[in-house]
Structure formats: C-alpha cells, structure tokens
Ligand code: HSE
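Next up: just one chain, as structure tokens, the form predicted alone.
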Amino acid sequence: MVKKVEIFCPATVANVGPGFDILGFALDAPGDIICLERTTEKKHIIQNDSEIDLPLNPEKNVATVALDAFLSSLNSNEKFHLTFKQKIPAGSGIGSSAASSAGAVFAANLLLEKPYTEADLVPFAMKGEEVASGSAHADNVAPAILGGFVLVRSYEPLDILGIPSPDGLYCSVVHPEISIATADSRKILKTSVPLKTAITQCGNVAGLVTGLITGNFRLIRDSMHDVIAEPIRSFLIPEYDRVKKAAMNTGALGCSISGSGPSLFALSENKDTAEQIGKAMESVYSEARIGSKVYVSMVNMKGMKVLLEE
C-alpha cells in the first residue's frame, strides 16, 4: 500500500483567447510540487515549505477543500499531511489555486488506490476553485489533471473534451510582479453582451478549436481574439497593450490574458520564436521598471507527474 506520494502539478493557461471559462491548456513549467501522506490526526495538516504564503487552515486552503469533497464522495474519514514544496504564486493568472486543488485530489486518488479515473477528479478540484474565485470553473483544473488542451463543452452537465494541438505549438508566458485576485477580476465583467458581440466570440472559439485540431496556424492566428473579457480586464494589467504589441511584432500567433491576469500568454509556431517573444514581452516590463518572470513551454500533454511513491 502506498502511504506517501509526491507529485508535480503544472501551471495552466485558461480563458484561451476567446475561450472564457471553456478553453485551457497545461504548461511544462512552472508548477506546484505537493507531497501527500496519510496521517492519524483528526484533521488535515498543511505544511508550507515553499516560498509562497499559503493558508494553513484546512477550511480555507483550496487543496484541503477539494480533498474533503473527494473524501466525502467516498464516505472516507481519511486525513492527510500535505507538504507544499513548490508553489505557483497566488493571483498570477496561471492556475495557482487549480494546481493546489487538482494536485491534492490527484495525489489522494493514488494513495487510495485509484477509486476514480482522472476525468472523475475534475469536479472535486473545481470545489477548490470555487473557494478561490467564487466560481467552480474547470478550464484550469481539467488541463492540470488531464494534460493538453481541453474544451469544457458544458458545465451542466459537466462535459470535458480533450483537443489535439499541433506538435510545433509553443507558449510564452510573462508574469509581471503584481497580483490580481480572480474573484475581483470576475466582478468587473459584464453579465450580458450584445448579440453581435456574442456571434463574433462564438466564431472565434469555433475557429480556434478547428485550427488546433487541424494544425492550421493561420486559423489559430485569425481566431485568437477575445471581444468580451479582454477589453475589460486588460485595464487591470500594466503595459498590457505594449506587451501584446511586442509579442505580435515578434511573430506571435496571438497574445491575450492568461486566466484572470496579470500574466499574458502568446502562442507561436516554434520554440525559437517563442523564446524571442518571451524576451520581447519581458523587455517591455523591464523598460517600465516592473519585475517579471518568463516561461516558455510546449503544451504539456501529460498533465500531472508522479515524482515519488512510497
């Protein structure tokens, strides 16, 4: 019987272009490293060995909230000791809460000898997302668990589809050293949009998905336009227009907000271009005297990685 497991849970890009709450994909880096082991304590124990502040109260940590949803479905009284060895910064826009929530239930499922499939774990991880943002969205937790690109076709009932993507597709992410709470970012969005705007957005989502499946980079480029969330949320991100322009001028297929921001992501056709784009985006923040971190990654097709089982 496995008593201890350590996993790497990847960062994710959600709200991909026009795909608000329905499109997401996993990155190779950064990510959380979480160690989970059984405990005889009467409650979950959270230990933070990372450099990022975390709530240690099990009722307020998204990982243990997701764990409790998972355990409740099994009528289990198991408790776990969670050690966070590496953590994506909160409010970064690259799936910090998703990595914690998804990583915890993925690890617990391994310890309990896999009572659920990986796809079955998504709703439990969504409970953690609900605590973090006020909305139980799946476009971060699903790719974190399943890997690759995912489409959330429906939330009621939950229907998640994996989407193929071109082998050469790369992503550049720049994370400026500011934080935007997902809940705050959601509050400023409009609750209704004009029919013409909705039609444009639907066409872009359909085009983007088709471009990913067929490997049509031109179609991906033409479809990477968000006419609903980006025009409102971009005002929260310093130097947004300049960073996006720098990415597009360096060869990006498209550039938009990752999740609720402040990170921006850009898609490109190869690694060399992706690295140049990352440098171009970082230079804008450097000129503005804003610290930033850049990640260049292929689409992570595997999702979680098991680092240790004992």
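Throughout, we count residues from 1 along the sequence that is shown. Note that the structure is a prediction, hence the values are computed from the model and not measured.
One more form of this protein, predicted in complex with the ligand, exists but is not displayed; see below.
*Asks:* Among 111 to 119, 202 to 210, 215 to 223, 182 to 190, which stretch sits within 4.5 Å of the ligand in the predicted bound form, heavy atoms only?
*Replies:* Only one stretch passes the 4.5 Å heavy-atom test: 182 to 190.
*Asks:* Residue-level contact is defined here as any heavy atom of the residue lying within 4.5 Å of the ligand in the predicted bound form; does P262 satisfy this criterion?
*Replies:* No, P262 is distant from the partner.
*Asks:* Mark F20 yes when one of its heavy atoms lies within 4.5 Å of a heavy atom of the ligand in the predicted bound form, and no otherwise.
*Replies:* The answer is yes: F20 has a heavy atom within 4.5 Å of the ligand.
*Asks:* Give a yes or no for H175: in the predicted bound form, does one of its heavy atoms lie within 4.5 Å of a heavy atom belonging to the ligand?
*Replies:* Answer no; every heavy atom of H175 is more than 4.5 Å from the ligand in the predicted bound form.
*Asks:* According to a 4.5 angstroms non-hydrogen atom cut-off, is S100 in contact with the ligand in the predicted bound form?
*Replies:* It does not: once the ligand is placed as it appears in the predicted bound form, S100 has no heavy atom within 4.5 Å of it.
*Asks:* Pick out the residues of 130 to 144 whose heavy atoms come within 4.5 Å of the ligand in the predicted bound form.
*Replies:* The stretch touches the partner through H137, D139, N140.
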